[in-house]
Every structure is written in C-alpha cells, then in structure tokens.
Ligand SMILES: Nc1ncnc2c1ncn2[C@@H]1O[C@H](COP(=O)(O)OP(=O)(O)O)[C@@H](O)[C@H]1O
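One chain comes next, on its own, written as structure tokens: the form predicted on its own.
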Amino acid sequence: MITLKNVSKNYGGLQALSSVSLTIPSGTVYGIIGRSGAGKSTLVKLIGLLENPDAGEIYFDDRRVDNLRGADLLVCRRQFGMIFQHFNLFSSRDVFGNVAYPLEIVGKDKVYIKDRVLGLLELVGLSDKAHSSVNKLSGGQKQRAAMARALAVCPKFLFCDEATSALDPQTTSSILQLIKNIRNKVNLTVVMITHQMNVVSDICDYVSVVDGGKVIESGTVKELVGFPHSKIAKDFVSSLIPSYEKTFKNLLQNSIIFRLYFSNDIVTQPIVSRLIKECQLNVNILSGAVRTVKDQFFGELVLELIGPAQDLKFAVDKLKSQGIVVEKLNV
C-alpha cells in the first residue's frame, strides 16, 4: 500500500502539488487523471521517489520512504517499474538488450538474464522479436518491450505515465488488456497516470482526479462514473459519451438544459415519462447513452426541460431523491 499525507511540491514560484493525500491499495490498478499541467507527472515522480516533496510524508505500507537517502533509497526505488508515453528504448540495443539492461545494472549473471528476458518477452507477446531493432517495431510493440523492461527486476509497483497516449484505440485496448493480465499473474500494484477517461474506465479499480495540483475527487471508478461531484470529474465522465453541447449553444440559446447521471437499476427506469407525467413538464431529449464499466451500467441523459420555475425545481429535487446526479448546463 502507498500512502501520501499532505504532500506538496514547488518548482521555484510554481506550486505543482498542494497538500495531496491519497492511499493506493496493494494489488489494485489505481488511476490518476487530470488535464495537462494538473500535477499528475509530478505526483508520480514523488511516489516513485525520483524527487522529494517539499512538505508531507510518503509511506510504503508502514514505512516512511520520502526521507530515505543513499543505498536505502536505491533499494526502495527498485520496487518500481515505469513505462512512459514515448517508450524511452535504446536504439543502440535490440529488444533483448533493452529488456536486459536493468538486470545488467543490478549485476545479474548472464544465465539468469537470458532466462528472465526470454520469459518476459513471452509474457508480453514479443518472443519472435528478441533480436529485432527497436526502430523496426510498431508503437504497440515498443510499449510491450518497455513493459517487459519495467518488469525485469520484479517490481512491486508498475507506473504507467500516459503509457497509451501515443497509441491508436485498438493498440491501446490491447496494451490495457496486457496490463490487466500481468497484474493478475504477478500481483502488481499498477498506477495509471492519464488524461484519458476511457483508460480509467477500462482498467482502473480506483481513481483520483487531480486539478491545479490538488486531488479534487477520489473513490472507486464506479463511484466516479456513476456519481461525479466536481466539474472536472463530470467533464471527464462526459467524455465517455459523445457530447453535443456546441450544437446546443447554437440551437438553444434561451433553453434550460440538464445533464443527468445514473446507474444500477435506474438505467432501466422510465425517467423521461415520469418527468412528463409527475412534474407536468415538456421534455426534449438532446442526447443519451448507457455505458458498461466494471460489469455495471451507467447512464447519461441531456434534457431540455420546459415549464414553470417551480415545476423545474420540483423535478430536479425529485430526480435527486431517486439517486440521480443532476447538473444544470449553461448554454
């Protein structure tokens, strides 16, 4: 388990992180999502002990680690494997040599290195590419090679910093499935740093939303998708479903529009017909969709509600009482 307590980090006059506290349970896939410049990469550098916080404490299980130095710090860092958006492979080495590199650094013998590297290449589906130049690999193959290298020294934690951002959707899906399979086989704790909500919904168990150097919202992925609270979380969740808000702005200048989020049994309920019958409103359905996340249904509706102000308030209150998250949109 990784625990951060009130961690802050400054670069000159720029505060990259401010009093961040979170807990990453062992054996889970934990997502950290935010826009560019939100502080995600700074956060992973601190968790990975590549930099020290200016304030706060970092623990692995019950051991404080942000204050480690020298040999103790090096040993602790070897618990981490990292893969990045741009692969960071050595063009001067073939695939085998890239995966072998961290094992050479820690002084493993040639027999161990050969067995370990070939086993890892089989694990990531690159057995036939051991002696290929990395320059001849596809983007997905390069990321698989980078993943094998990250796993070489048997880490407890795997950090993926925008690891799928440079990949097409089909390749992204295959890499995410590979991460799932590896996590299950070797009981890794995986931390996914991303700005892609589809990555979080496909693979993560828990997620923290980072914005302006702060953790705005945390919880299970089901909680975030089903009941987002902050504006940025709602924006990320809405990215899972095509949005037509620009069209709304052009066509519905003076309309009152609401976005509804709901899950579980509510997905099968007649939400719109109830609004019309029980609240005496005219309802215009602008968009809607249902998505499955972790074998659970989550729905979203964007509605134009037409009626007197008191009826609109009654309708919104009634929706919220049923467990539906209601957000008024400004168009």
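It should be emphasised that the depicted structure is a prediction, and the values quoted were computed from it without experimental measurement. Note that residue numbering begins at 1 and tracks the sequence as displayed.
Heads up, the form predicted in complex with the named molecule isn't pictured, but that's what we're talking about next.
**Student:** Which of these stretches, 40-48, 291-299, 274-282, 61-69, has heavy atoms within 4.5 Å of the named molecule in the model of the complex?
**Tutor:** Only one stretch passes the 4.5 Å heavy-atom test: 40-48.
**Student:** Though the named molecule is not shown, can you say which of Ala16, Ile24, Leu312, Leu319 has a heavy atom within 4.5 Å of it in the model of the complex?
**Tutor:** If I apply the 4.5 Å criterion carefully, the residue I get is Ala16.
**Student:** Does Thr268 reach the named molecule in the model of the complex, with heavy atoms at most 4.5 Å apart?
**Tutor:** Thr268 lies outside the contact set for the named molecule.
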